[in-house]
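Given as structure tokens, the chain that follows is alone and in the form predicted on its own.
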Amino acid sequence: MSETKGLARVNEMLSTDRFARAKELRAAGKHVFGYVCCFAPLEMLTALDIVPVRLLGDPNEPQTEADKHVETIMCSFIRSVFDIDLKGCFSFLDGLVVPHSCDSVCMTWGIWPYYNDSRVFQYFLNVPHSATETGEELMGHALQDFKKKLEQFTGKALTEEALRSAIVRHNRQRALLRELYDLRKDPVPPITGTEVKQVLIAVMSLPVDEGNALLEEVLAEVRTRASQKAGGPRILVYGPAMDNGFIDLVESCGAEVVIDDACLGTRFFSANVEEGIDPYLALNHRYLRDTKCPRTYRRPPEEELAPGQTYNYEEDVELRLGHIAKYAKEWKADGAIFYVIRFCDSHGFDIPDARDSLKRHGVPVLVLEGDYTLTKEQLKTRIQAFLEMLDQ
């Protein structure tokens, strides 16, 4: 790799071919698997020396192939991923792992393997939607079936030692990403929300150890940056994948995006896999219980309730979504902007509760809805008006 600074390397990756390194490894004989969403247990792939890369769509590419096979009244993000896959964008992959993250992903998976059957390994990980005792039991079975299929494909045993090592390395990556996000707590953040998003995309396109090395390089560079002029209002963004230029748009309006609750953001790294316990139980807890995404329903175990005790609306909302207000407080956000991709029911259903939670904590909220392909001028007007209100 070229001897350049971390952020320059990130820009180089994203401006040319972010999969260039993965393609090199594939040509050298390694297995390279693509995955969708935050629920693929990457540690199991890494433990078998499989390179996992995060699949994203292309908001600038017309969705011509996918629309021949799926309804247009569904999530435009997953349609875009499916579309560019049908066009050969991910032809270098020899494996695909699709967790049951939402109904749109599930429905697309129903036809995905049939219209792109060139891959040797294609797997649907049936992640339960309730973080309950029954859900954990089902998740345990899903992880064991995934292990069995991976071992059959690679011809190697997925040993506990290798899995524990992979957990440590991925936890290291999560810790480095948290360090990067912590830099945005500063009154004058040394790195923008747009730059952080670019770093995330680059890291998700590399083997874990190479991603960690890149993060260490970025952190060393950003920590020595000269002070920059303070920007506008500090903003929390909430939504699904944020790789479509939305963060860039918000910052172009004069705001500073300092924190997020997003699929391509904190949900990827906020929770570690617990070390020192059974690794499959630890993976179970991390991906089902601790990954805070609207697609998973969670509430305290019944044994934590006193006889006859129930939770009222405010308590239930805080249990499920209170982490968003904590983010806003810790990163000193002046306001929050929710961007929900049209037909994303899981995020859409949570909008009223998440908005109520933030408003109770004194955080103003702007809710926007649109497609994966942004209608920038319409959105820009509303964002600017919201930022002006915050400045008053």
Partner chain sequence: MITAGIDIGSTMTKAVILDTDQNAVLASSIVETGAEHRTLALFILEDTAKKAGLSCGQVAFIVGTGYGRLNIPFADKQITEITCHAKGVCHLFPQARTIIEVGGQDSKAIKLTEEGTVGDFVMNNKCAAGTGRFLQCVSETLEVSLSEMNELALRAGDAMPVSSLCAIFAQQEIISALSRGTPVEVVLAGMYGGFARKILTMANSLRIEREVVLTGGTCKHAALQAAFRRELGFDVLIPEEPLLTGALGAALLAGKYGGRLSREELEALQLRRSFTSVEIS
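This one's a predicted model, so the numbers in the text were calculated from it and none came from an experiment. Numbering follows the first chain given and starts at 1.
Note that the form predicted together with the partner chain isn't included here; everything after this is about it.
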{"property": "Stretch in contact in the model of the complex with the partner chain, which is absent here, among 36 to 44, 49 to 57, 327 to 335, 358 to 366 (heavy atoms within 4.5 Å)", "result": "358 to 366"}
{"property": "Full three-residue contact with the partner chain in the model of the complex, heavy atom 4.5 Å, for Arg342, Thr381 and Ala385", "result": "yes"}
{"property": "Residue contact check: Met389 to the partner chain in the model of the complex, 4.5 Å heavy atom", "result": "yes"}
